[in-house]
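Okay, so here's just one chain, in structure tokens, the form predicted on its own.
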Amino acid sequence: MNSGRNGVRLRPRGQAQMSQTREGFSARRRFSSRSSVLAMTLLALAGCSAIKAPVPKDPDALAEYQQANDPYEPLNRKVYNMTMTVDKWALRPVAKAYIWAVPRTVRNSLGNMITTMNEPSVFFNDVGAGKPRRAGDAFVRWCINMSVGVGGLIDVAKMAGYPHHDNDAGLTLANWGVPSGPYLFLPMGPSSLRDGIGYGIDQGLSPWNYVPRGYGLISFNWAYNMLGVVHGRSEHIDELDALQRDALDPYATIRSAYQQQRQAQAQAIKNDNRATVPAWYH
């Protein structure tokens, strides 16, 4: 499952903007449509008290309620159930077919390409988090893998001592002390108010959302995003099957795992105070 990833909808103003090229408008329309859907979801969650779980009166139950940080649990569970239904009948079968049809070595190469394509977003977030060494690593990874690595299909940067590291706008906001806000289960997977906003920011940071029309680039953009979803799901087939089969409450298990993972990732970024210049340079 991807958790894997806003601004207001962009509208042309005035005659000058009405004369903008189709390419620019098409790219902004794709970005703004995604942002608008996410923004409407977050605003609805923030403004509707009827979907909140009642605050327990019992001290033990209240402590558990506060630890879960899930005041919108009734709605979140409905979205979770809907997402799992779609996954069961659509996404999981496609991911299984992908595993069956595509050899492991090819899937590894496609996974490398997807990771490399996301390096610009990682780079910008590293800069935003005030971590120049991490930003430099992401930039070097992009340059090496897009050239020597044949468009990212081969992770040459990892062989050269530049392994991939995760970062996104939600983690960048966490690095600057922005609280997570309530837990949310969105159609793209587990999230929070902060991470949901971060997802919209990441859409704006990704250069692939601004590709111009022509030369098959829009088709590539759609294929890249669809491949990312299917590939990401294929990487977690066994884990999610086991979770659905063995967990007493899969929803609560996913919530706890997600929150712990995000806390660990944010702490790792905060604690990364390496020197800007690599050791081998001296």
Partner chain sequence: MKIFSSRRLVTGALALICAGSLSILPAHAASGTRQFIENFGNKLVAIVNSPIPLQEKKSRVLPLIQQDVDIDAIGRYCLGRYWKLATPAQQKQYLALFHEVLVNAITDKLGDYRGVSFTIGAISKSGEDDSVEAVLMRPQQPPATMQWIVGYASGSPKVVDVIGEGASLRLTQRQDYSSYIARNGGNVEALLNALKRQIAHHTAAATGNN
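Keep in mind that what you see is a predicted model, and the values were worked out from it rather than measured. Positions refer to the first chain, counted from 1.
Note that the form predicted in complex with its partner chain isn't included here; everything after this is about it.
S.K.: Using a 4.5 Å cut on heavy atoms, which of Ala252, Met226, Ile51, Leu217 is close to its partner chain in the predicted complex?
M.R.: The residue from Ala252, Met226, Ile51, Leu217 that makes the contact is Ala252.
S.K.: Within 4.5 Å of its partner chain in the predicted complex, heavy atoms considered, which of Glu73, Glu119, Asp87, Asp155?
M.R.: Checked against the cut-off, the match is Glu73.
S.K.: Given that its partner chain is not shown alongside this chain, does Val55 nevertheless sit within 4.5 Å of it in the predicted complex, heavy atom to heavy atom?
M.R.: Looking in the predicted complex, residue contacts with its partner chain do not include Val55, since no heavy atom lies within 4.5 Å.
S.K.: Residue-level question: is Ile237 within 4.5 Å of its partner chain in the predicted complex, judged on heavy atoms?
M.R.: Flag for Ile237 set to no.
S.K.: Please run the contact check for Glu64 against its partner chain in the predicted complex: heavy atoms, 4.5 angstroms, yes or no?
M.R.: Yes - in the predicted complex, heavy atoms of Glu64 and its partner chain come within 4.5 Å of each other.
S.K.: How about Gln260 - does it come within 4.5 Å of its partner chain in the predicted complex, if we only consider non-hydrogen atoms?
M.R.: Although its partner chain is absent here, Gln260 would touch it in the predicted complex, with heavy atoms inside 4.5 Å.
S.K.: Kindly confirm or deny that Arg77, Ser256 and Ala264 each have some heavy atom within 4.5 angstroms of its partner chain in the predicted complex.
M.R.: Per the other structure, all of Arg77, Ser256 and Ala264 touch its partner chain.
S.K.: Who in 100-119 is close to its partner chain in the predicted complex, meaning a heavy atom within 4.5 Å?
M.R.: Only Arg104 sits within 4.5 Å of the partner.
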